Structure formats: C-alpha cells, structure tokens
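In the form predicted alone, a lone chain appears below as structure tokens.
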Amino acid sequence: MHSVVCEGLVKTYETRGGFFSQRKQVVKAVDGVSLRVRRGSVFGLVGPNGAGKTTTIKILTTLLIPDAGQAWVNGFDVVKEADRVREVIGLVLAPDKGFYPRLTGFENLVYYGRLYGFSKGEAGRRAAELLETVGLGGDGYRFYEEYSLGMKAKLSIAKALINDPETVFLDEPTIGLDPLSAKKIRALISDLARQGKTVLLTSHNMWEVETLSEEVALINKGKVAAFGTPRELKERLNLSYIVEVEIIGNSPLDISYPVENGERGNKVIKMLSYSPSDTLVEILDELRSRDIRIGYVKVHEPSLEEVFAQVVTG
C-alpha cells in the first residue's frame, strides 16, 4: 500500500535571462517525476540545489498545481481533492516561517489546533503533548521571538503533527541545527515511521538520509535519476568498498597486499574492492597461512554521498 503516488509530474517556470534582459526563459523545475512511497516508511528525496525537490513537495502538498501529471496522497488527488489532502498531511518547509512572534510556542500550536477544528481544551492537550514529543518542554511556554533556530525547527515539526497526520513532508528538517538537536529530530522521524506514519524527507545530509530512509529517490535537473534502497543504489553503481585488516607485530616484506601505518601504531592492509567478502577471505587466508596475527577487521561501505556524486556528475 502506498501513501504517496505521483506519475509524470511536470512544473515549468518563466524567468528573465538577466536583470536587464527582456528575453524569457522557460525552466522545467520538475520534468516527469514519478514516485511511489510505501505507507509507514521514511522516504528520502535528495539532489543538488535547484534539482526540483522542494517543487515536488509543494505539488504533493497542494501548494503548487502541476502543469502535467497526477499525484495522490493517501488516495486523494492533490489537485481535485486538495482539501482532503490537507486534512491528512503535515508539512515543514521552513522552520522559521508561519509562527506569531509575540505568542509562545504553546499558544502558536493551540492556534493551529483550533484551525483544524479542535476545541480549546483538545488543542491545548495536543499542544502540550507535542511540546514534550519534540523535546521543547518548558521552552514551549517562551515567546517564539526568543527561540533559537533549533527550537524553531522543533516547533515547526510539532505544528506539522498537530492534526495527527498520516503522511508528513519534511523539507530539510535539520538544516542549521546543532548536532544534539539534529540527533533528536532524527530519532523523532524514526519514531513517526514506527507509529505507522509515512515520512517524505529531503536533506543535503547524505548520511542522515541513508540512516533514516528505507528507499531513496535522487532527483537531478527535474528528473528522477536513481531510485531504490540505499544498498540497491550502491550495488547498481558498482561502487567500491574499502577492506581493512590490522596486522599485529612485524609484517613480512613480501606480503601480497599494500600495507600502511594504522592509527594504533600497527601495520594495516587497506584494499579497494568491488567484492569485499572475497577480498577479505583472500587476505585472511594468506595471513593465517603465514601465522601472522590479525587485529581488527573492517569493511567500509560506499556512502550514499558517493552515489549522489556519481549520478550528478554522470
């Protein structure tokens, strides 16, 4: 079952060639994007600046109407049933937008709860619960204008969850956050998926996307350039692994593999490999046959960042 489905989405913009130029240019921000996001999963949408990620999210959340193609969120058409879509989604586009500075975080959340039709009491209970969920606690009762960027990011996620949505869209939710705040937001995103909610996430942090996402779509120049699980994407592009084996004691001069100094003062064999299991077995067999003591063994997987770089640069 899929929470988000889009087929052949297209969105174009007209721009001027320059400050003094009158010549119009047509830019395809989204050029035939098709996606399927499984219910209850975290889905990563990545790509360089201007690739079309935010435009795609704006279409899926009814903020933009596509020029072509169709999309459905929780079974509702994003154009024909826009009101129904808005009832079942949460959205974070910019963590520092959409709040009243002279209200507290709690009061801002109550205001949005009332917009969704909650009674004052229900909105208050929901707001207090969400302040704890996102880790604001007592800071939720300070004026919004006193908030740091990290606090604003947490409140923006609380606002996105005020209506208990089935599907949540998070555009760069941890951008500008300190490491501890970002870690808490990532934990919250994982919790949302465990609760059965669908999360569509964009981020420039490839490690974050790889850690959180079950599936990833890489968008480049308005098109989906690659799609799959992080592991599938690495295997499809045949990216190399790094195999490391530490040698305890003196290493023989005639060993078959390149050796360098390790962090612990011992020699380390370090090899690039497309078949890490086979390479590791070969190295260990040789070392054991020569009674060479072995320390740690590590296999470093290629990162999603390498996938990103390879796809974008062609």
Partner chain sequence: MKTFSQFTAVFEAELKSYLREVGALVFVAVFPLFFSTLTYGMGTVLTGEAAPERWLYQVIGFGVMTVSIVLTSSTAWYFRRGMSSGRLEYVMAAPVSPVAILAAHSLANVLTSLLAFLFAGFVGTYIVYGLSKLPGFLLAAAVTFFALLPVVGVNLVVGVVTIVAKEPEPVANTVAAVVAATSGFAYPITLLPPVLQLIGMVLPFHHVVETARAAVMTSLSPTQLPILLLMMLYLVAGLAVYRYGENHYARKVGVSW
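Quantities reported herein were computed from a predicted structural model and do not represent experimental measurements. Residue numbers count along the first chain shown, from 1.
Same protein, other form: the form predicted together with its partner chain, not shown, and the subject of what follows.
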The stretch from 189 to 197, 173 to 181, 239 to 247, 94 to 102 that lies within 4.5 Å of its partner chain in the predicted complex, judged by heavy atoms, is 94 to 102
So, residue 28 and its partner chain: in the predicted complex, are they within 4.5 Å at any heavy atom pair? no
Does residue 115 make contact with its partner chain in the predicted complex, using a 4.5 Å heavy atom cut-off? yes
Flag residue 65 as yes or no: does it have a non-hydrogen atom within 4.5 angstroms of any non-hydrogen atom of its partner chain in the predicted complex? yes
Please run the contact check for residue 207 against its partner chain in the predicted complex: heavy atoms, 4.5 angstroms, yes or no? no
Residue within 4.5 Å of its partner chain in the predicted complex by heavy atom, from 80, 231, 120, 221, is 120
Suppose contact means any heavy atom within 4.5 Å; which members of 123 to 143 contact its partner chain in the predicted complex? 143
